[in-house]
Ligand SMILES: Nc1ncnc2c1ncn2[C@@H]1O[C@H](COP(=O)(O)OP(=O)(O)OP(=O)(O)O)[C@@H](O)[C@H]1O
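A lone chain, given as structure tokens: the form predicted alone.
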């Protein structure tokens, strides 16, 4: 692989959300600030919305690290659960030992008593749900009912939902209005801009052991390469990782130490989520379409 070629100690653009590679860009800093304020305020529900690949799971893990000594967290990475399975998952996360055949009323009472005990010890209970758009409607309602447990001043259980935009569409339904009204804090993870991508690339390369000793000018990616990377990734961090990784492989294959625009274009052609759009983009440019007509064609034909 290209590690030795570029002087790296590990792969810089893995798709696994590794918190050692977390880059505190403005979009993530703003989201974390919202989460901290909401949790410290004792609000019932908090919502983080982001498209596929925008870094929700990485942010979720950073939040778990932040709350490790501050709260009792129940992390649900697989939300496609029935109400009964949700209660069993909560019991497991709260270290409540129960038989799987336990009556659901008794199970709910055990969970409520554990939450009250933790509150008495000064430990707030926070349920963190990843991919929350997949929660069945009945399970969302069961989760909402747990947040009814409260004192005169604050909720005893808080819920943080990390989800794709489909969750907003579901919450707009009339039969989920009670839950929708309980979401007092919400934040959206927007795509990265050119400056953020440049910082993101440099940060991850440095975290992987990269130094500028053998690179003229000190930058592995040229400015034109970063612009092409932005255009083809649409600012989505996961696609940035995929294209950057493939670009490094291509440069290594050609014995180069600098990533140029051509390398990123070649990587894009080999990437399913961007190659089709890039092909149309090249065709439209070749046909001389621009301005509003270009925008109409692009928005009407491309996914």
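Residue numbers count along the first chain shown, from 1. Remember, it's a predicted structure, so these values are computed and weren't measured experimentally.
FYI, the form predicted together with the ligand isn't displayed, but the following is about it.
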> Any chance all of 16, 237 and 241 sit within 4.5 Å of the ligand in the predicted bound form, going by non-hydrogen atoms?
Replying inline: yes
> Which pick from 219, 131, 93, 168 sits with a heavy atom within 4.5 Å of the ligand in the predicted bound form?
Replying inline: 131
> Heavy atom within 4.5 Å of the ligand in the predicted bound form: which of 186, 112, 72, 164?
Replying inline: 164
>> Since only the chain is shown here, I'm wondering whether residue 51 would be in contact with the ligand in the predicted bound form (any heavy atom pair within 4.5 Å).
In response: yes
>> Please tell me whether any heavy atom belonging to residue 56 falls inside 4.5 Å of a heavy atom of the ligand, as the geometry stands in the predicted bound form.
In response: yes
>> With the partner left out here, check for me: in the predicted bound form, does some heavy atom of residue 11 sit within 4.5 Å of the ligand?
In response: no
>> At 4.5 Å between heavy atoms, is residue 155 in contact with the ligand in the predicted bound form?
In response: no
> Just one of 56-64, 264-272, 251-259, 33-41 has heavy atoms within 4.5 Å of the ligand in the predicted bound form; which?
Replying inline: 56-64
> Listed by sequence position, which residues of 17-49 have a non-hydrogen atom within 4.5 angstroms of the ligand in the predicted bound form?
Replying inline: 17, 18, 21, 22, 23, 28
